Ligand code: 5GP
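One chain follows as structure tokens, the form predicted on its own.
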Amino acid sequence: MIQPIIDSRVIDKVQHLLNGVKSIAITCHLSPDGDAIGSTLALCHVLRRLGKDANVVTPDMMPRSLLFLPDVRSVISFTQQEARARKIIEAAQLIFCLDFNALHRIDKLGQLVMANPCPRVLIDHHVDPEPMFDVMISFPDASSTCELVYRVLMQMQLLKLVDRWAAQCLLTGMMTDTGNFAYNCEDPDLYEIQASLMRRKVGRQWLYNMAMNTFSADSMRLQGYAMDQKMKLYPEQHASLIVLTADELKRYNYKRGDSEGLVNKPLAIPGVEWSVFMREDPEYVKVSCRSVGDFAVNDICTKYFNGGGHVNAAGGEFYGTLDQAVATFEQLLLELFPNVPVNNETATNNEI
């Protein structure tokens, strides 16, 4: 039996807010991933079945790897449809903020969200949320925001409205945020939630293949190039670093999502305990970190890269040049391992 973990008073407050409104906006973080899109679409679908005028507005475009999700074409990207996005946020009587904990994580959309005086409800699993929400459902130990959305709907007795479409969205987010249940997945309740979603005939194997095992030819070539030519190992620090420049991304016709999962690959090398991937985007350097064991990459992303996340999976953005981002990483190595020289090598062996 899945245990309720959200305070019943919080659930009652969310229910009260829902009862008094018609127009609802749902948003998520910049560069939305499977958990962000899965949780927002699932909640939107359920709210529409409740008779609400609900819409998902994202700060920017989602990766093409998620275009298989149900009703994904209804998502409104601020960077692509600014006028429509503004209208929805400004008219909202209630705003759900999913899978982010700080205003900068929604970029320019944050100004619109803060300008609307309506209540804001946070549903998130990142540490230290900013005090900008009227209701906070924040559980950093949760596997994903999709898990938390399921729990909210369960405690509001709305699971009857979670049909196959909503279930596919929720399970996609849970799979992608746990590496198909490889990390952040120690809670036995998580598997009962998965079983509940599978009973709605989601097609789990199909979902896995679409969300985590489908790549374009350009993406495969890009990732192969990154592993062969760009992966550096830091043997003394048990670390790896992959850096891709804007020119390299252009060479392989990069589309958002093409580098998904790349940061995880070096962890398969014996001796590598944490992996960092840096990608040169137009406005910042995107940083992704993964680790094994007790090595906390969320602390690294919070302190050095304007981000955060979980102990073994985190990310952020660096506002500077790519060279400065790499220099920050190597300075980080000196701080973490003060008595160890920072030497790197292009990976040519199976171990470090």
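Please read all numbers here as calculations on a predicted model, not as lab measurements. Note that the rigid core is defined as the largest set of C-alphas that superpose within 1.5 Å between two forms. A residue's number is simply how far along the shown sequence it sits, counting from 1.
What comes next is about the form predicted in complex with ligand 5GP, which is not displayed.
Undergrad: Which residue among Met62, Cys44, Ala325, Ala314 has a heavy atom within 4.5 angstroms of ligand 5GP in the predicted bound form?
TA: Contact residue from the list: Ala314.
Undergrad: If contact means a heavy atom within 4.5 Å, which one of 250 to 258, 201 to 209, 104 to 112, 226 to 234 is the stretch that engages ligand 5GP in the predicted bound form?
TA: Looking at the partner contacts, the answer comes out as 104 to 112.
Undergrad: Would you classify Arg151 as touching ligand 5GP in the predicted bound form, given a 4.5 Å non-hydrogen atom cut-off?
TA: Result no; Arg151 lies far from ligand 5GP in the predicted bound form.
Undergrad: Is Gly309 close enough to ligand 5GP in the predicted bound form to count, meaning some heavy atom within 4.5 Å?
TA: Taking the distances in the predicted bound form, the answer for Gly309 is yes, it comes within 4.5 Å of ligand 5GP.
Undergrad: Check whether Lys286 has any heavy atom within 4.5 Å of a heavy atom of ligand 5GP in the predicted bound form, and answer yes or no.
TA: Although ligand 5GP is absent here, Lys286 would touch it in the predicted bound form, with heavy atoms inside 4.5 Å.
Undergrad: Aligned on the rigid core, do the two forms place the Cα of Glu317 2 Å or more apart, comparing between the shown form and the other one?
TA: Comparing forms between the shown form and the other one, the Glu317 CA shifts at least 2 Å.
Undergrad: Superposing on the rigid core, does the Cα of Val285 end up 2 Å or more away between the shown form and the other one?
TA: Yes.
Undergrad: My question is whether Pro32 is one of the residues whose C-alpha shifts by 2 Å or more between the shown form and the other one, given a fit on the rigid core.
TA: Comparing forms between the shown form and the other one, the Pro32 CA shifts below 2 Å.
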